[in-house]
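Let's start with one chain on its own, the form predicted on its own, as structure tokens.
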């Protein structure tokens, strides 16, 4: 089983993003996803910038996948999506069914991202017939689900990737809760989410961490940590263990994935064990 580095989910300044991927190029991480997956109003980097970074990573020997938006809301976003799918150089990670449709129409292979509701073998077989090469298991599903679906996919013709470490993207909304919290409207948000490079923590009335607001995306307050499940994943036939980056430290983690989870009060692994998501089993 190999490691992969998922797309940056946060709004970072362009200089920080470039610094991050220059460091990735020097690492041993074999598979890298990059692109804006949350909000089209984040314009620190244009598509041409992501293409330049992808080419730099490819020259460094990485397999590169361009990730697409998880929520398409406007015609302009669909046109940008079409440009991404038809880039002519790199595979795309489809995070919206619209991206799957475009890839199918063009006969272009794709990766099925974790935000797609691929909940059974019948769906995955259909996507595979349309050109899917790999799927990332939806975060809310479990080891038990994965065991059964891989049996149903035998003989398996697609690769499997599991979101193994990082803050979990739980939902996307047409509203921007970060802007609302700051007293701004979504249309005049001033890209205020750039002020929170790991999202905005939301707590209960008892001051317990509950969620993270990341623009229009809602994340888990605690981070998923399945490092101690690598042996089980390998036995199942998982091909890639995904690290979702939140800082430069994520590169070192992906470079040399520890065999055990580090002890920390912000971890969770409940979904994998068929428990409430914030549970640490």
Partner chain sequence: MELLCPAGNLASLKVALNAGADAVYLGLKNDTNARSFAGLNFTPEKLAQAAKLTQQAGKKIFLTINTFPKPGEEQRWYQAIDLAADTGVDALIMADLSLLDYAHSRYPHLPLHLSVQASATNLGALSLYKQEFNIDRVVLPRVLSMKQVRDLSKVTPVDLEVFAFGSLCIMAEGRCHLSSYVTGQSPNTGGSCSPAKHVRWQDVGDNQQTRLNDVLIDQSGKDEQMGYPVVCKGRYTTSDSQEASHLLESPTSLNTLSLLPELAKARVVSLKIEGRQRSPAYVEQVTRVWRQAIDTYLNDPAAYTTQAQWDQALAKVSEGQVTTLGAYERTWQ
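Please read all numbers here as calculations on a predicted model, not as lab measurements. Residue numbers count along the first chain shown, from 1.
Below, we turn to the form predicted together with its partner chain, even though it does not appear here.
- Look at 49 to 57, 233 to 241, 247 to 255, 216 to 224: in the predicted bound form, residues with non-hydrogen atoms within 4.5 angstroms of its partner chain sit in 216 to 224.
- A heavy atom within 4.5 Å of its partner chain in the predicted bound form is found for exactly one of 133, 87, 191, 123: 123.
- By the criterion of a heavy atom within 4.5 Å, residue 156 is excluded from the residues contacting its partner chain in the predicted bound form.
- Contact check for residue 161: no non-hydrogen atom falls within 4.5 Å of its partner chain in the predicted bound form.
- Among residues of the shown chain, residue 180 is one whose heavy atoms approach its partner chain to within 4.5 Å in the predicted bound form.
- Residue contact check for residue 198: none of its heavy atoms lie within 4.5 Å of its partner chain in the predicted bound form.
- In the predicted bound form, its partner chain lies within 4.5 angstroms of at least one heavy atom of each of the following residues of 111 to 144: 115, 117, 119, 120, 122, 123, 126, 127, 130, 139, 140, 141, in sequence order.
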